[in-house]
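Only one chain comes next, encoded as structure tokens, the form predicted alone.
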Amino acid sequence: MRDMPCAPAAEHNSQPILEVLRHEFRTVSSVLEVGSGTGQHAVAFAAELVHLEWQTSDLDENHAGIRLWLAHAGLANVRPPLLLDVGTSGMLPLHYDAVFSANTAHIMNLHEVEKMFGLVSSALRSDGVFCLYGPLREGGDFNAVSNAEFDESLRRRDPAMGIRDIEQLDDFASTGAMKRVRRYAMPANNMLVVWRKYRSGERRDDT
């Protein structure tokens, strides 16, 4: 494992995320992960959620690391990474029961975040769910001083980065025929938010 990329955050947050996904993905058979990073989440979750097929994806530069983790895990239900750049990719032709992404929205620019929601909508089957993990603001406010400091550090690196407002993500989701259905408080002042794609013929104001 010496040559395999390792993200300490993925080691720390995998278990609490998994406990949510056990519930949210209990009836799911296919998942697309947007931004698989090192591949650690993919192997951790696919190993426990053996009823589903996990499709990894990321920029080309991260594929080698993902493939190392996949080879080490030797799991039959996790797929090699797709090339996916949310800023330039067109609509996805494949359809999944669920999409998962972790710690991506705050390192993308806002246009890419909006584009990601469009890609998610194109990839999801009717009634599918999108689970997004990471730090978020609500009503323009941070839920912790540490997140305000993190946001400031992100914007110093790149003014286009930053912690996003959940209400703005709801707007992006609505454009893609999705609505927020659940939100989970997570360790280290993060959230896991779940949006569901409307069923065919479902009224947009239905709950």
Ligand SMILES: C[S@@+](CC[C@H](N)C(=O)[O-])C[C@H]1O[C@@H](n2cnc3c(N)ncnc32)[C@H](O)[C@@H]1O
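Numbering starts at 1 and runs along the sequence shown. A quick note: this is a predicted structure, and the numbers were derived from the prediction, not measured.
Beyond the structure shown, there is the form predicted together with the named molecule, which is absent from this document and is the topic of what follows.
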With the partner omitted here, the residue among 126, 122, 77, 103 that in the model of the complex has a heavy atom within 4.5 Å of the named molecule is 103
Assert contact residue (the named molecule, in the model of the complex, non-hydrogen atom within 4.5 Å, options 108, 92, 131, 136) equals 108
Only one of 136 to 144, 22 to 30, 35 to 43, 166 to 174 sits within 4.5 Å of the named molecule in the model of the complex by heavy atom distance, namely 35 to 43
Would you check, heavy atoms only and a 4.5 Å threshold, whether residue 112 touches the named molecule in the model of the complex?
yes
- Query: Taking 4.5 angstroms as the cut-off for heavy atoms, does residue 59 touch the named molecule in the model of the complex?
  - Reply: yes
request  = Decide whether residue 10 counts as a contact residue for the named molecule in the model of the complex under a heavy atom distance cut-off of 4.5 Å.
outcome  = yes
